[in-house]
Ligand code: F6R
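One chain follows as structure tokens, the form predicted on its own.
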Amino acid sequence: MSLSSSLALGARELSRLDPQDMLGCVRRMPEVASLAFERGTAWQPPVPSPRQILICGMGGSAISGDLARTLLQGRWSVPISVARQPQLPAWADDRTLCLFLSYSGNTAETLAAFGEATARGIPTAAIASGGQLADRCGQRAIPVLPVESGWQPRAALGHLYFTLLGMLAALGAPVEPAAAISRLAELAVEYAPDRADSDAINLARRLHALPAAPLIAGVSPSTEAVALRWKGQLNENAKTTALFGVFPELTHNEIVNLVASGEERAVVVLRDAEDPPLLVRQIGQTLGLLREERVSDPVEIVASASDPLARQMELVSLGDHVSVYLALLKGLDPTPVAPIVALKARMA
């Protein structure tokens, strides 16, 4: 089954391949982002000028924290950290603002960290669609910003991330979402399933054609979180193992095993147009080496919008579309994540 032929059959065939409409969720991100940002800007922070911000979450919720951290690093004086574990770092104190992100509101690790934060008297707020997290916030008069329910957590990035950005903007972060939302709307058209030769569909074909796990490489800090988002989306939507690396660090270690393995794999490098010249040169030399060693013919994707958030969302949108199209190429429904559901049931 070729991707182009299956999608050429129209909406009915697409509905059969993607019955829970993961592709539709990806394409709706610009619709939900504007309201989400407005929701975030309207909140009342429990501490107006935190010394630092700690964002706690897991999986498709935590990635919003990573995207915010890397977007604002170097642009805002308030440091942001992300915690993906059930305990808080020792440095979190009453000058720290802890933001808990759990789309379901029932993530065990996030609930455990939330309990520790309230016990230690750390200023706290949350984003959730409901669940225990929303209930516990209500019991303690802690701000909780509700988002629309009924989405897969990874598909709810527009809700979670833009709500978080609105919250940070209310604290003084330099965030303006208009250009990013406009760019997302343009890409929803550009990557539509009836565009059989779009960059998203062609890249999905490329990943499908090569046997070894693809390497998704970002640049620190500009596209590090975006590359991690790509990895997670390939894992969950396409049920595909993906390697994750970051320049310049990977040139000091992972480049060795990439060459030594002798495996031909897809290498996708995600770059920002404002990456520093030293890293741009280093990336170019690294990709040349991989070509010479016949490891890969790497794909370098450079986000070029004028606004940092718009550039970030350019790359996120491409990765989200690629992951769904790769699932369809493999004949898989992109939505179910049965092993995650099974593990949560065992833990419960």
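Nothing here was measured: the structure is a model prediction, and the numbers come from that model. Sequential numbering from 1, following the sequence displayed.
Form predicted in complex with the named molecule: not shown, discussed below.
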query = Out of 65, 60, 319, 308, which one falls within 4.5 Å of the named molecule in the predicted bound form, going by heavy atoms?
reply = 60
task = Taking 4.5 Å between heavy atoms as the contact cutoff, choose which of 159, 154, 231, 271 touches the named molecule in the predicted bound form.
result = 154
query = In terms of non-hydrogen atoms within 4.5 angstroms, which of the given stretches 215-223, 161-169, 146-154, 257-265 touches the named molecule in the predicted bound form?
reply = 146-154
inquiry  = Taking the named molecule as it sits in the predicted bound form, is residue 124 near enough to touch it, meaning that at least one heavy atom pair lies within 4.5 angstroms?
reply    = no
task = Using the partner position in the predicted bound form, report whether residue 104 sits within 4.5 Å of the named molecule, counting heavy atoms only.
result = yes
